[in-house]
Ligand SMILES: Nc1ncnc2c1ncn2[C@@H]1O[C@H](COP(=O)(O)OP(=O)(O)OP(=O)(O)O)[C@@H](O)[C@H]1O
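The form predicted alone is given below as one chain in structure tokens.
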Amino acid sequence: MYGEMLEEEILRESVFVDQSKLLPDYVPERLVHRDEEFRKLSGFFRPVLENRSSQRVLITGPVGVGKTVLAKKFGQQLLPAAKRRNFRMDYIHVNCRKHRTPFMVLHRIASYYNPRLPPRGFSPEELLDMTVRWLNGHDAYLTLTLDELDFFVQQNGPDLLYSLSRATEESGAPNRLSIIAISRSDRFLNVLDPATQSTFMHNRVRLDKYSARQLSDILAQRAKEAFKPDAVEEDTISLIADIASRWGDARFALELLLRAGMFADEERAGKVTPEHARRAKAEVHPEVRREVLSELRLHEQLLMLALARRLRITGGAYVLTGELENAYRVACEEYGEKHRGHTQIWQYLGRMEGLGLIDVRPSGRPHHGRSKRISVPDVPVGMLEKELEKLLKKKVKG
């Protein structure tokens, strides 16, 4: 019975030809409205290709503006460009939210050159030395992209970046490692040493939010690759572009188009209409990043839940830290957890602020001492509350 159901689903008509063309990991043949930024990034790497020197470049911009896909597309083009100049260049893209410790980042790099490398047994220093020795021994060069580096530095400090930047100083060998850092802002640079900070600040590619017209062009390009001809109505693309233009977020726009197509298939409609786009919008909100919320620790999720509930109940723009701590204790009691102390709560708030989930501001008069105002930027707190309750139900009650 189930085998037949599976075959029916596979064989039934669909508006799609390839859903993967709408996923965040897909790198299209052309980056719509990012030619200027690609050219700027290429200019920074001219010395690398001409003189085999090393380079450090920072790509910044808000969520969904194409930072990751720009770096990946550049990496694709960098390798053959080096080959035409008779030297080997490798490109490794590391997501620092997924590889969240120095060991994990360096193991990811070292295992690129040694796929049989065991998952443990080496220190970060040994892994870095292993990589440098391989590059020197094979007369090879590496461009390493550290994606979401602001998140990584917030959690681990700047030591890894410092070590990578100076990996060959002791050996006296040429620096064969170039770095592309990807971050939502350049604030994490404040904790770097002056030399590293200066280099990144001078070599910076800033990506701005997309306009509705630009999002429409991006959606039209992907729709040609992902859907059957004429399966997506022009009004559907226009509506999704208008919805997503509030945030300038192409990732959100593409997710809406994907969901809208899935609703069309569910209804066996044969076309993706504006109504399907509206249904998709009702289910997805760009600021409720489920992957970010799911990566929070248990008590960070409880604290975030307490904040969402307090803001919903009061209807205010912010909550004072004392009020939040009281609400957090109530949430802990509800889920059978022992609440953490004041110092630990401040550490949680610092991490959550670094992830862009909350804003923390001085309380001002008439409040005194260390009291702060905590707010949630842009996210509907009712939606945030529901999402956290789902996550906590799985984590606490299994």
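Small disclaimer: the values here were computed from a predicted structure and weren't measured. Numbering starts at 1 and runs along the sequence shown.
Here the subject shifts to the form predicted together with this ligand, a form of this protein not shown in this document.
For the residues 342, 30, 39, 361, the 4.5 Å heavy atom test against this ligand in the model of the complex is passed only by 30. With the partner omitted here, the residue from 373, 34, 351, 56 that has a non-hydrogen atom within 4.5 angstroms of this ligand in the model of the complex is 34. Contact check for residue 65: a non-hydrogen atom falls within 4.5 Å of this ligand in the model of the complex. At a distance threshold of 4.5 angstroms between non-hydrogen atoms, residue 148 is in contact with this ligand in the model of the complex.
The shortest heavy atom separation between residue 49 and this ligand in the model of the complex exceeds 4.5 Å. In the model of the complex, residue 221 approaches this ligand with a heavy atom inside 4.5 Å. For the three marked residues, 102, 161 and 188, no heavy atom of any sits within 4.5 Å of this ligand in the model of the complex. The stretch among 298 to 306, 249 to 257, 324 to 332, 124 to 132 whose residues place heavy atoms within 4.5 Å of this ligand in the model of the complex is 249 to 257. Using a 4.5 Å cut-off on any heavy atom, the residues of 179 to 215 that reach this ligand in the model of the complex are, in sequence order, 184, 210.
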